[in-house]
Structure formats: C-alpha cells, structure tokens
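Next up: a single chain in structure tokens, the form predicted on its own.
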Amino acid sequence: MKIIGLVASPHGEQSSTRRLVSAILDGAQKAGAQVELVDLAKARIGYCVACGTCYKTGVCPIPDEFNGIYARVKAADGVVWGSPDYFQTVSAQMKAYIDRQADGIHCQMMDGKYGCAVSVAGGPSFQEVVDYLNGVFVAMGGSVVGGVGASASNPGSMDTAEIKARDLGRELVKSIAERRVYPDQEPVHCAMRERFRHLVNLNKDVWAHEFKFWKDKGWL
C-alpha cells in the first residue's frame, strides 16, 4: 500500500501544514503503508494554459515537474493534500498543481483511491480549505476519509491537530485495506461520471486519449 502526501506551503520544513501531513504519513506508515512526501512549493510546476493537449494524449506538454509528480500520485493508493489557508483558499502552489490535473478530472483518475486533507490558518478558516481540497478529490472520483485543520493563533491547536492527524493516517490505511464505500459521496461520483461520460463521447474525435481511457475502463 502506497500513500503520498502533497504539501503546498512555501515554509519548507518549518511549515505547520507540513507538520500535519507528516503526522498523517507517520500514522499510515506505522499502520503498514509505504509513504512519500512531496513538497509542491519546491517543485517547478507552471500554470495550466488550457491547451487541451492532455485530453488528446494523456500527457501535459509543459516541460516541468508536474508529469512526474502526477504519475506518482496516480500510482498511489492514498493521497494526502496539505495547504495553508491563504484568504480562505489554497496556496498558489497547490492551485497550480490542481489546475494541471484537467485530464484527471475528465477521466475520474482518483477512482478507487482514498484521500484526506489538512490545512493550517492564521485564524479559524482552515476548515474551508480542508473542505475545498476534499471536494476536489471527490470530484475526481476519489473517496475522502476525513480532514484535519488547525488555527495557528489558537494555543494548543497544532498539538491537538497533530494527534488527530496520526489517527487519520491509521484510518486512511484501514479505509484502503477494507475498500470502504462512503454513501454520502456516491451521488457526487455518479454525477461526475455521467457529466464526463457525455463530454468525452461528444468530443471523442478530438479527445482520443480520453475516449480510449473511458472505453478501456468499460464506462462508455
């Protein structure tokens, strides 16, 4: 079992967000999973330019580090998303990575994978970022196990969140091993599958990669 953690904070090893992602990975590792942490803020990931090439070929043509990181995410069983709260949303580094996964949402590439999210805010708004990241994961076909956040201005918040994060890492491993189904997320999965089934069929002559992907999956 492989679980990958994505941290999108520019504070490196001093990052509170990284601390929580690392705690989840620590809990997962102690529960038997292989883990990997990727620092998105240190990676060269440019902005999506909406060229549509990934729909045709399955590969983004921008020559940076995105394709390599994304390949490791697709090979994992579980994904941990981590971003600080910047004005009630994710950091620019995380948003750049998310936007580059355009083919991933069309192909529901997180189908069969399990994930969770963390965020640290200066105030109380970390939950908005946790919910956003988990919402993106569900929209891409994945199953969300939970989320953890903390307020840096609240004494003791980080210590409490770190304990919860380790527990969440263990829960993530259990969810993957048991192939859990979350009934509240299934309506979103069904709606997204139907939406992109229609779009891929409509553009099958142009989106050659995506049409073949859907056909091979038996979703058409």
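These numbers were taken from a predicted model, which means no experiment stands behind them. All residue numbers are counted from 1 along the displayed sequence.
Just so it is clear, the following notes concern the form predicted in complex with a small molecule, a form of the same protein that is not shown.
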Open item on the list: Just to be sure I understand the contacts: of Leu133, Met94, Met110, Val120, which is the one whose heavy atoms reach within 4.5 angstroms of the small molecule in the predicted complex?
Closed with: Val120
Open item on the list: The chain here is shown without the small molecule. Which stretch in 99-107, 133-141, 68-76, 120-128 comes within 4.5 angstroms of it in the predicted complex, by heavy atom distance?
Closed with: 120-128
Open item on the list: Can you confirm whether Asp85, Gln88 and Ala152, the three residues that make up this candidate site, all sit within 4.5 Å of the small molecule in the predicted complex, judged by heavy atoms?
Closed with: yes
Open item on the list: Please determine whether His11 contacts the small molecule in the predicted complex, using a 4.5 Å cut-off between heavy atoms.
Closed with: yes
- [ ] May I ask you to state whether Ser22 is within 4.5 Å of the small molecule in the predicted complex, using heavy atom distances?
- [x] no
